[in-house]
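Okay, here we've got a single chain as structure tokens, the form predicted alone, with questions on binding and movement later.
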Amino acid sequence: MSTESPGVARHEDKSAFGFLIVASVFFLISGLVALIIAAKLHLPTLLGEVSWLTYGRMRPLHTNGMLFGWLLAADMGLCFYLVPRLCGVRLWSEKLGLATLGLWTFIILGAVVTLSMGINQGLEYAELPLWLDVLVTVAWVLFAVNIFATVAVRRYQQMYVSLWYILASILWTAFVYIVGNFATHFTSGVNQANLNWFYVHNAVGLIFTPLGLGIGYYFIPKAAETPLYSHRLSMIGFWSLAFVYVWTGAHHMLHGPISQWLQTVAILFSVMLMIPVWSLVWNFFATMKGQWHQLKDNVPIKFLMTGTIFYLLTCFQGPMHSLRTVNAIVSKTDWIVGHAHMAVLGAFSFFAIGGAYYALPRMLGTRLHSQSLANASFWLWLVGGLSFFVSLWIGGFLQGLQWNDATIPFIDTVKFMAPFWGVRLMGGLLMFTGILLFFWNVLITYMGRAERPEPAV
């Protein structure tokens, strides 16, 4: 793997590279599953004779595959890459990192088998059987030990904001995952639903958001070769996120059987999310001042800054659809589906892909196989993603209006969504093609690394 210049810690990057490769494989698999699911919305009987290819089994396979097989694995790999560099030391233990990778791969394969067999606990994002939940917890402890130990022996005493986000996310993930996958089994009814939505919303807000933002804070200045605009602004964003996000999950239960005061608290804190969001977006945009010309040829910057815009849109939608009047229209519609996909496949996947395109060649001491393929993957993801997200926002809003009209039969609202689902399928096909190009580019970069030697940075 890569080496650094004299006087700087030598980085092996075996764990980081391994996580990114495994993440890329599950990205491809989860994307294929997503295409089949999207096609089933038009052809409900498609592959319906095969039990493990039915919609009810493939949907949790897709969500868990994208969340944990692709995105969280990619984020863990990028953390293993950037944390040692921000600390000026090697990763505390590559052996522990590789052991974590092996366990994580076993967990995801176990999830593929169990979910395909219909073994499902019936809770959103918490479908995995208990024994896999225990293994996830163990793997996360191993990951946490490696990261915290690396930070503990750092050469650079001042901690850059990415470290704040990553360390906090490790602690928040532990709490959120335990609540969502263990504590929910000791409750029932409304209390269980409230805990489950706490987990679902904070899986994005306190796991993927801080990891994604930590990645963005590192790779945007690095890829653009320019200093971060404001460390103080980054701290405002960090602490406001830490204070605000944990209270927002109940906005998914507005107009439901939970207390009015809890609904109001969720709305207030959802609107307050604009504080950390604008702090971050302003910081990233100000960092790029005078550097926007790099968008023409710098593929990592294209992904990272587009991810920033998707993050802004996602976190503008969230507070808006938490308002009671808007929620009465869009709740449980395809609007929410478009919103959730833009968060995971738009904002945070764009951060992860941008980080991977920057880090992988440097891990391998080589050049990226093809800038053209990387650029093509960006445009396929951007055009496909916008088609996907916007079609569901428009269709979902109109769907909600129809649901509020008692004179319209429900089956008619289903038929109404057919053209929007068609656009979703076409957008998903473009995105899957982008995944293929990304995977191929990564694979050939690795296989041809000896032919394109370049000093690692």
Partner chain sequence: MADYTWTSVLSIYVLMACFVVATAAFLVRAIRSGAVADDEAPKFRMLHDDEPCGRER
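Positions refer to the first chain, counted from 1. What you are looking at is a predicted structure, and each value in this text was computed from that prediction instead of being measured.
There is also a form predicted in complex with its partner chain; it is not shown, and the following applies to it.
Proximity of L86, V89 and P257 to its partner chain in the model of the complex is complete: all three residues have a non-hydrogen atom within 4.5 angstroms. Interface membership of S372, defined by any non-hydrogen atom within 4.5 Å of its partner chain in the model of the complex, is ruled out. Heavy atoms of K332 never reach within 4.5 Å of its partner chain in the model of the complex, leaving it off the interface. At the 4.5 Å threshold, heavy atoms of P221 reach its partner chain in the model of the complex.
Not displayed here, its partner chain is approached by H231 to within 4.5 Å at the level of heavy atoms in the model of the complex. This chain is displayed without its partner chain, yet in the model of the complex the stretch 261-269 from 261-269, 292-300, 314-322, 105-113 comes within 4.5 Å of it by heavy atoms. The partner is absent here; in the model of the complex, the one residue of A144, L368, A242, I275 having a heavy atom within 4.5 Å of its partner chain is A242. Checking S387, N194, S279, N327 against its partner chain in the model of the complex, a heavy atom within 4.5 Å turns up for just one residue: N194.
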